[in-house]
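Have a look below at one chain only, the form predicted alone, in structure tokens format.
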Amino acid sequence: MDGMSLTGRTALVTGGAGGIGRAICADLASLGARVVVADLDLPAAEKLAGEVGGVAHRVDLADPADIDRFTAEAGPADVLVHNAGVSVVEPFTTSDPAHWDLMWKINLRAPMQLTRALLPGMTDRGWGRLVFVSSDGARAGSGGEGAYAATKAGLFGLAKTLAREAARGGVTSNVVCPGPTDTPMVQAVAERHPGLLDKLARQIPLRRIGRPDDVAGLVAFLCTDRAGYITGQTVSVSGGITMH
């Protein structure tokens, strides 16, 4: 299919060694991109990079100084997928402000810092793709995830503003919002709440929780020339549990 190749492009994916991140890296590599797998878990990132013919970098997204080091070492990117995220589930009125700070740093501040570093190169070259992986919990609310939803919702305003500011530089900026998806983070929550995943699946019109590939396919498409007229948009991948 014309317009679907990413040959000659470099794609940087944060949280690339995680559940959704792995699927995104694999799909981008299958389209020909040179994938930079960025993750706190360097051995897992190196293993995946070897599988997809990419390169691995360790980065602590909670540390602004480490992000500066990483961007200097990794070099320019044509595609930037902000996939990394962290969630602490707790009622808001008894939540720990230290957890707020952690989620703010990783979920929102890090994407801002990385984009600020890499976007000028995209506009100078006249082509670029920004994809922010948020959450349907940020669109519709999610019990026990007030701070998480707030930080992920911040990506909406950032992505739309960048869509306006970078459009004349040939750069698009969009948000993808996974619904309940079978990832290690969700499995960890499910272990503490038996029966949660079955309960969620019964509420979803398609009667299953999402798979990482469901999200990765949309992310990869938004990174291609075929999606070159799509910018400033927020799209849910939720099996219909949320409809906008």
Ligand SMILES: NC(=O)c1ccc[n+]([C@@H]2O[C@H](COP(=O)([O-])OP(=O)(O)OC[C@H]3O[C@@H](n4cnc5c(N)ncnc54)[C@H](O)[C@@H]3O)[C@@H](O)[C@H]2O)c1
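In this text the structure is predicted, and so the values were computed from the model without any measurement. Numbers follow the displayed sequence, beginning with 1.
Not on display, but discussed next: the form predicted together with the ligand.
Residues D60, V133 and V186 are all found to lie within 4.5 Å of the ligand in the model of the complex, as judged by heavy atom distances. Put simply, A17 is close to the ligand in the model of the complex: some heavy atom of it is within 4.5 Å. Looking at S173, you'd find every heavy atom of it more than 4.5 angstroms from the ligand in the model of the complex. Contact check for G54: no non-hydrogen atom falls within 4.5 Å of the ligand in the model of the complex. Contact between A147 and the ligand in the model of the complex is not found at the 4.5 Å heavy atom cutoff. Just one of A84, L114, L162, M122 comes within 4.5 Å of the ligand in the model of the complex, counting any heavy atom, and that one is A84.
Residues placing heavy atoms within 4.5 Å of the ligand in the model of the complex fall in a single listed stretch, namely 147 to 155, out of 164 to 172, 122 to 130, 147 to 155, 69 to 77. No residues of 215 to 234 lie near the ligand in the model of the complex, the criterion being any heavy atom within 4.5 Å.
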